[in-house]
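Only one chain is included here, represented as structure tokens and corresponding to the form predicted alone.
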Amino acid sequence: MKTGFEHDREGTRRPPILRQAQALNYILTNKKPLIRTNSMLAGTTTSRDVGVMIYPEGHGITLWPELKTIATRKIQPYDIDEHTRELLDKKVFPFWSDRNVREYARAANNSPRYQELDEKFVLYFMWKTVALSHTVPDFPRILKHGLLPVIEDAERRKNTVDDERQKTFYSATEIALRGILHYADHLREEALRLMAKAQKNGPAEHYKRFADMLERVPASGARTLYEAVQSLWILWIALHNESTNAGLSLGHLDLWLQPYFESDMQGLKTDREREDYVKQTIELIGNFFFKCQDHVPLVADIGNKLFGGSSSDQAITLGGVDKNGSSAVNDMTYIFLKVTEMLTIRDPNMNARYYPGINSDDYLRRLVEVNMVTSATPSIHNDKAMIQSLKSIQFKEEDARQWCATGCVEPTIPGKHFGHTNSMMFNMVAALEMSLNNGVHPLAEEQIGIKTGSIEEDAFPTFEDFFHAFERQLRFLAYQTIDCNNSFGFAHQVIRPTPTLSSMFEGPMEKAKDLTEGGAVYNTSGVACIGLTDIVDSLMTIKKLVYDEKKTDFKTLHKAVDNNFEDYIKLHTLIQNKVAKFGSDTPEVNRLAQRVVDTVFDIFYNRTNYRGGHYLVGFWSMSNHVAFGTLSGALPSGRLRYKPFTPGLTPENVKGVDLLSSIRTIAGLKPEKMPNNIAFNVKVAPDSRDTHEETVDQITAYAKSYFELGGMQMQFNIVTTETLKDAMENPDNYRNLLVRVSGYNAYFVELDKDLQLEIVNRQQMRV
């Protein structure tokens, strides 16, 4: 407000990237330097012990209607003082009311239809209004060399180019990064102040260690593991002051921190010293985990239904292989797993890579054991399948081997790949509903899609005719989301470029181009496709009962669906018991599932995003499978009106679907057609007669078989249905009960009731 947004005080246009750099520099330079009592790391994301970050230029403004009720709402209430409420209501939100990403895009594109469809909530949800931060920076380079070489490089490049746009880019880089160094300097001053105060009565040495570290990092390269983690934490604070705390991820930390661990260990002489050092390292990483929870994402009340219980989803990746194809499992891998096991907290979102034949069975067994202890984490990925998938879409093999999980489960190449892997949540079932109703969506009760033919007028003589109609509706809806995503992407270039994040990537410095403009080496956009199981089961019902076996006609089936199968109990029973379902490992069903996957892949991959890259599809759903389901009618699959869709790439809980058949079904899908990954949810109820070791061995055997068959990803809820039901009745007894939703962890008792019931009703597999 003081310096101007679009123009400065003299009326001159302000280059967006320079404005953002100056704003970040101001924030970090004036940010209160806090060192929490007993904390092993200096610095905080906000001024609170746990703070809600607002980002009014993104989705923060959605909190405006709730300012007076946010502290008393049932799910995820936020404390807010009167001064903050008044400031937001009278000054902050009015200023940003037409400068946020959504409203800027609306005005720039004359209130386009695709944005109107987005705001219906039932067709798709565009994450780009919230964040553009689903990626992983090149932390190894910054940890090794520090920020000063990057600043010096920016200054040198600025002085050797004539183009004003390029000069502005390099100036912005320098200004933003100097803000980080100012913040680190102020933290050092605070450490010295606390040290002087503690000389009489306290841990002066503790604060001296902070001061010594902060004199070096993050300006210069870290020499010890402690310095590396402290440097990482300050960089993380800065990045979250620049971009939304939603899905920005930490990367392959065990591999990146292992050299510092080894160097520290080499300086120790006795077994006792080494044992003490390992314990200190566990404590340090545990402290880092807790620091990552000092901020939570802002979620409006509607968001508790759309993605309930989600944290900032700061994904950490472990294990797998390194860039040379050798095993990346190391000491730090097991330290991270020990911390995960001890703390059992929802964030960071732990993801483990496992390469069959290269990583050991003992490592896989340990991953399963940690899942048993925590009940829900880490998610386990097939390194071989993921690398194969990335190579098939023109990623270099060396780069593909370095992939890290982002946000939920999505792959990204650190420091090279700006993929906004969760650019949208795409409701494929909406396209099916529109193909059943000649382009009309039953809930919206309006002509949303194109006219592809009426069932009442016998428009589909063959199953192929109907599948073609479904494909056309799918393409229509996909193109709406692509246009919407691109418009929001262009808005980001104006509203909030990312000079700090760009400085931590290969490409932007060489091209003098921000990440939002396509500066990275790889510039894809990620799509989460929701409802594959519901679609396959519905299409199979239509194919078998209407066309192949002629047990009913399409008009009757359509009427039954429209009436939520009331008065059609016999037909509903026939569908439930006589039609093979996705997950039954039936060849015909598997072929149909692959056909749907191929279709949606081709539709998206053949369109280009606003940064010149491809759209990559994956099959996971956060918790939108529940939200979309509650806004949708009955389906030919037999699913009733307003019930949740199945999560991720998970079969429905029905007769004929068991764990082994599900494993074979999902492992049979082609990884190269799902490059944005999948979420295969498995709810396991251990047999009370088995020992801990026996249960771990049995689950490990299932997981190993799945990965050897080619399955991409598997995630567990190792908890009984009875326990979940009891937690719904007695939430105070289960405050720390962790569950895996569809790609992320959440505390079960903090979830919306519809989402709780969806997890309760998932098929319980016995091992």
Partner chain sequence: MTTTKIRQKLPKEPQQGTHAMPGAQAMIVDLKRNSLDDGPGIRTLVFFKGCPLRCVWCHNPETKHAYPELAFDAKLCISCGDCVQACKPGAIDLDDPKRINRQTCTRCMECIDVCPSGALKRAGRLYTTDEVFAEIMKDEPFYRYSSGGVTFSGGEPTVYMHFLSELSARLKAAGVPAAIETCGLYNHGLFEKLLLPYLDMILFDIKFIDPFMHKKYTGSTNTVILRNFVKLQEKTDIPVIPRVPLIPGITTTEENLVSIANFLDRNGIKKVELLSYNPLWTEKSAGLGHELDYDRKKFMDKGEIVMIKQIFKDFDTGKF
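Positions refer to the first chain, counted from 1. The structure presented is a predicted model; accordingly, all values stated were derived computationally and were not measured.
If you look for the form predicted together with the partner chain, you will not find it shown, but the lines that follow are about it.
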{"property": "Contact stretch among 656 to 664, 223 to 231, 493 to 501, 175 to 183 - heavy atom within 4.5 Å of the partner chain in the predicted complex", "result": "656 to 664"}
{"property": "Heavy atom distance at most 4.5 Å to the partner chain in the predicted complex, all of K570, K578 and E694", "result": "yes"}
{"property": "4.5 angstroms heavy atom contact with the partner chain in the predicted complex for E729", "result": "no"}
{"property": "Exercise: L34 in contact with the partner chain in the predicted complex, heavy atom 4.5 Å", "result": "no"}
{"property": "Contact label in the predicted complex: K551 to the partner chain, heavy atom within 4.5 Å", "result": "yes"}
{"property": "Contact label in the predicted complex: L574 to the partner chain, heavy atom within 4.5 Å", "result": "yes"}
{"property": "Option touching the partner chain, based on a heavy atom within 4.5 Å in the predicted complex, out of D347, E652, D383, D585", "result": "D585"}
{"property": "The single option of T721, T29, S705, S39 touching the partner chain in the predicted complex, heavy atom within 4.5 Å", "result": "S705"}
{"property": "Partner contacts for 681 to 700, taking the partner chain in the predicted complex and a 4.5 Å heavy atom cut-off", "result": "R689, D690, E694, Q698"}
